[in-house]
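For reference, the chain that follows is the form predicted alone, supplied as structure tokens.
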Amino acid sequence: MHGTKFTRRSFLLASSALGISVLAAPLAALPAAAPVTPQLIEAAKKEGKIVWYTSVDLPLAQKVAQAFEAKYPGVSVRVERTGAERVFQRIGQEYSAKIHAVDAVNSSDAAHLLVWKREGILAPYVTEDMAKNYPPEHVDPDGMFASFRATLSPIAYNTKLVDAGEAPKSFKDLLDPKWSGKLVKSHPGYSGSTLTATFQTARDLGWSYFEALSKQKVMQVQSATEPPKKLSLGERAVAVDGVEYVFLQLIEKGNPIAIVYPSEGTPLVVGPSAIFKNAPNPNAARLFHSFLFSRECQQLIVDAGGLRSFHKEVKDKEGRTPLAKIKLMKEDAEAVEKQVEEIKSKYTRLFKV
């Protein structure tokens, strides 16, 4: 975002907690929770629409939008979906030009929300569900954003192309010469999920791992939603990364894919959501935000989308591996914020799109 005031280095995250680093204040510190009232619904209907920028996979984003529209007829959702890094760039460019087109945002890169908060462009809004049903570390202490979703970045393979006994069990297994020309991987310059996963993997395994991996003739794609789709098409045998929720969606539709949670640990990616202070449809944005964090929507993104939820009343879908049974790498958004340009630069030198 060169040439704009929004830079990832403009704000450093403050502390460390599971999932998203800054969310560590007690719930008592939050602004008062706002209920969904008939007055809010009527005001939202008068505005008639909500513009939502998101990096979640488009089919799932559309399901969320359709569920909201069914619940609140007369308020439409315009979904603008792209990679998290592109979402960040687009909002920076719009705000630099004094264009206020976006109402609400969801990013798979937690550091984005801290930059926007630091620049004073977010509006505080705490829903009743945030106050009652979310761990305090997943709600910003000033009510500016909260953890809408989480996912993992595991390894996966096509079960028609790879026998279970031969499948990789770790990141380091991917360096075996037998996988040369058979791997697919997403890019941290496009995907916020992949940026977070790249940081965690490089921190825990060293950049020497990526140097060795880059010699494996890896198919390089952009979005973290793409490696699962390449596997399902049989274009590559093994995915180095990719978002767990798309793998799960494809598996549950009958695609020949198996997930591997690597022995070194699996990167954890938290995706917060927020409303903008200059939202053109502020009441619709508040109503939509209340829906996003409701048990209804959170169960939808788990059941239909394969995402992970921090809502205490939401249940894991039967047959999926519970988060508590997976060894996780620790997310550290503060370190990502400090190292983002270095991460992108090192990675780009190694992998070509």
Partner chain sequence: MTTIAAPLPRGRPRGIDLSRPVMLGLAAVLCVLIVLPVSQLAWHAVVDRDGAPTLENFRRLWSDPAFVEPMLTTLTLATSVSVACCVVAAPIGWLVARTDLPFTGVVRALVMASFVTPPFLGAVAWEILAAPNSGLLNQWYRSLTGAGTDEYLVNVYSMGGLIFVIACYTFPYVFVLVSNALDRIPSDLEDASAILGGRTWRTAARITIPLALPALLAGGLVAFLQAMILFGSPAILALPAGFHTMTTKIWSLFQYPPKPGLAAAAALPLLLITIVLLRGQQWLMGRRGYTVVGGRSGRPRPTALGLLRWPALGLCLAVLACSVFLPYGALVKTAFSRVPSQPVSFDNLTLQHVRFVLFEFSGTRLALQNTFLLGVLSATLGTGLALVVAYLSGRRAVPGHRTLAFLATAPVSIPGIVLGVGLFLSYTRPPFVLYGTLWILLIAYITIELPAAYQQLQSALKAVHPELEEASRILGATRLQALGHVTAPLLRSGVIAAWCFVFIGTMRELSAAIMLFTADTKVISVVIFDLNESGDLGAISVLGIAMLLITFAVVLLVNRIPGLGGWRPARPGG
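Note that the structure is predicted; figures quoted are calculated from it, not measured. Positions refer to the first chain, counted from 1.
The form predicted in complex with the partner chain exists for this protein as well; it is not shown, and the discussion that follows is about that form.
Of the candidate stretches 258 to 266, 71 to 79, 127 to 135, 167 to 175, only 71 to 79 contains residues with a heavy atom within 4.5 Å of the partner chain in the predicted bound form.
At least one heavy atom of G83 is located within 4.5 Å of the partner chain in the predicted bound form. In the predicted bound form, the partner chain lies within 4.5 Å of some heavy atom of V218. Although the partner is absent here, R149 is not a contact residue: none of its heavy atoms lies within 4.5 angstroms of the partner chain in the predicted bound form.
Contact between P59 and the partner chain in the predicted bound form is found at the 4.5 Å heavy atom cutoff. With the partner removed from view, the residue among N278, N283, Q222, T159 that has a non-hydrogen atom within 4.5 Å of the partner chain in the predicted bound form turns out to be Q222. Contact annotation for the candidate site: W179, A335 and Q339 all lie away from the partner chain in the predicted bound form (no heavy atom within 4.5 Å).
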